[in-house]
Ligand SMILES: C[S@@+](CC[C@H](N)C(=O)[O-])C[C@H]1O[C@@H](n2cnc3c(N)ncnc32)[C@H](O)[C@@H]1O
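Take a look at this single chain in structure tokens; it is the form predicted alone.
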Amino acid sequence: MPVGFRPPAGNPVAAAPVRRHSARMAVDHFTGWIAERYDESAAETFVPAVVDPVVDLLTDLAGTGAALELGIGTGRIALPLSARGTSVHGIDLSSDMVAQLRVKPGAERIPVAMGDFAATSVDETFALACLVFNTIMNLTTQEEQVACFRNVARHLEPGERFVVEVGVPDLRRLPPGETARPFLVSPTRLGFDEYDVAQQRLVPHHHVLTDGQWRATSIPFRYVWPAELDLMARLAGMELEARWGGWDRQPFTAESRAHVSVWRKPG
């Protein structure tokens, strides 16, 4: 999820030591009603059939070590991962999203550092870092995405891994000359992706009928290609170890709509 808010005094969200060293001003797009209704709006991603394969793979990769989740949000992955016995720490920008995490059972075991995950540090190292559900695209410049890989490399123990789940840019489905395409049309929800191909910009526009009123959100992304991510990893001193078409480790092919990639820090 998102990235830099200062929590109220005494809030357990500040349990992890934090150093902030970002020159940019990160924007929190997950505030107010968006955070309050996030779990409901993304309910299909919280079901066991979706969550369990993610947690299975992350548990396997973390082994007996601790995990750092960038963009921890409301805890969709962090809470079940922690319940499996993995020590989980988080980084997130949105105090409203983390407030939703804090009311859930088991959240007291998960310290969260508030800040931009491209730059915010915690005073620990980890056996695993993860960035799931397209969250790498919340960093809207290539420079920020490169900085994220370098930040992760600083937090990884030698020989350990960084896992990213992100969609493959869907440009083949964009008609020539068009800049937008619908991805969801229903009586209560409308969704359109708007592309700027020259700048690798993607803005999903969501329109949701809530309590008899239509609410609109538009959150900017920067889409990124698998080979580009591999180069970012190399710049941070990491090498690609595996790339799958999903959390069940199915092969990544030209038809894959998303990928789960694992880079390893030399040990």
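Bear in mind that the values here come from a model prediction, so they are computed numbers and not experimental data. Numbers for residues come from their place in the sequence shown, where the first is 1.
Another form, the form predicted together with the named molecule, is not on view; read the next lines as being about it.
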Counting any heavy atom within 4.5 Å as contact, can you tell me which stretch out of 149-157, 91-99, 167-175, 185-193 lines the named molecule in the predicted complex?
91-99
If we define contact as a non-hydrogen atom of the residue within 4.5 angstroms of the partner, is Val132 a contact of the named molecule in the predicted complex?
yes
Do Arg76 and the named molecule come within 4.5 Å of each other in the predicted complex, heavy atoms counted?
yes
Does any part of Tyr223 reach within 4.5 Å of the named molecule in the predicted complex? Heavy atoms only, please.
no
So, Val112 and the named molecule: in the predicted complex, are they within 4.5 Å at any heavy atom pair?
no
For the stretch 29-44, which residues lie within 4.5 Å of the named molecule in the predicted complex by non-hydrogen atom distance?
Phe30, Tyr38
